[in-house]
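A lone chain, given as structure tokens: the form predicted on its own.
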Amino acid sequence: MYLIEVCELHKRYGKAEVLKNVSLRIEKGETLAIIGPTGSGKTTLLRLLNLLDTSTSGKVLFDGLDATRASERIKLNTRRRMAMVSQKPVVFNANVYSNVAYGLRVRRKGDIHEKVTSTLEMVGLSGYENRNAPILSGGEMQRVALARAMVIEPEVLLLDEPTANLDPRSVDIIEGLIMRLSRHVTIVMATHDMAQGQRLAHRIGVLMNGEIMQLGKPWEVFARPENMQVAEFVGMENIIKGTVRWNESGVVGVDVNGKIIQAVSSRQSAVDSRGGGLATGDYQLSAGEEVYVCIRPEDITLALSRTSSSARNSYAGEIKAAFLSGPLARVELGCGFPLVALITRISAQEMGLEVGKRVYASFKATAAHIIIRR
């Protein structure tokens, strides 16, 4: 049995449909990240999970019990199993100790001092007990909010954009804290930071226009997007139109402006651009089928000469632009079709990459993901 099940959840505010037919299951001990653009419904979904709002239709089950249509007593008991931390840290006009102890006092639990002290130590705020919470930094206030949530020992922790508007150092601290907390509690977090979702979550759900467009492991979402909306949102920069020319032994050849890109042809690499995975079995792409070929920039290697390797795809190209970004270099190529590669800054410097230089771009067939154009 799953700890949480969301079944065909809909939410309207007036005529605006914020969530549409959202369904997902969350296992105990899992960290699930919900990513999506601003206004996609992430906060609304968390509020429905926390039973702070009521859905227009659909169910939220905890341990198999429908909490959305239960009595107020059952709803209250279910809500006590959860804690939610909002995007903007909410602290009371009191010292840190009183803020963290609040939930324990409301629940009339004993050993308040011991629990508050150990929780503050866990979030790195030992010695802050007597400081006035509202005058702390944003990152410190967020840690106070997390401590107040965790001191009551919830089964489920709901986080709404936990590092929004924080400086990089505070983001590192909060993410480290979330990783430690994930060993003891089920976490559902909403974030627009896709890299954060990859770092912290066991699974990722992509919520766009109120719908779950894709749900899977981080590598599946970012390397095998199920439709064009997801592909563009997760930063799949190389999305190339082409036509299937042949399909042999599980490898498909796609004609792109007279050049052939080879890709593995399977249910895992070919999906319908309208959304959703293919129904059953391997999809047999046929000659003449219109497709998009997607390749992540980091899966492309560059060399000054053609080399022998296991990569099925290798193309001579000319550098159109090159930019350094920290430890990486972003290289834009013309290979008969546009291609973007991400390589290390050191590699770019060693090869002397500059605009106009000729290079060879290579990538494996397994790195090429196909979305059917329909």
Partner chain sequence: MNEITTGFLKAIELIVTLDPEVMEIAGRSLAISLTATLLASVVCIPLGGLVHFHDFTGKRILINIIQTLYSLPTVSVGLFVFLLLSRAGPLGVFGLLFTPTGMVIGQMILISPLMIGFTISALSAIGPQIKDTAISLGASNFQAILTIIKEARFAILAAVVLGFGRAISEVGIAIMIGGNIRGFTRVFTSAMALETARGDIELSMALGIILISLALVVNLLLNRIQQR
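What you see is a predicted model, and the numbers here were worked out from it, not measured in a lab. Residue numbers count along the first chain shown, from 1.
There is also a form predicted in complex with its partner chain; it is not shown, and the following applies to it.
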- Message: Since only the chain is shown here, I'm wondering whether Ala321 would be in contact with its partner chain in the model of the complex (any heavy atom pair within 4.5 Å).
- Response: no
- Spell out, yes or no, whether the shortest heavy atom distance between Phe233 and its partner chain in the model of the complex is within 4.5 Å. no
- Should Arg148 be classed as touching its partner chain in the model of the complex when contacts are defined as heavy atoms within 4.5 Å? yes
- Query: Does Asn93 reach its partner chain in the model of the complex, with heavy atoms at most 4.5 Å apart?
  - Reply: yes
- Item | its partner chain in the model of the complex: contacting segment from 196-204, 121-129, 213-221, 95-103, heavy atom within 4.5 Å | 95-103
- State the residue from Leu52, Leu65, Ala316, Ile346 whose non-hydrogen atoms include one within 4.5 Å of its partner chain in the model of the complex. Leu52
- Between the options Lys241, His113, Arg245, Arg80, which residue brings a heavy atom to within 4.5 Å of its partner chain in the model of the complex? Arg80
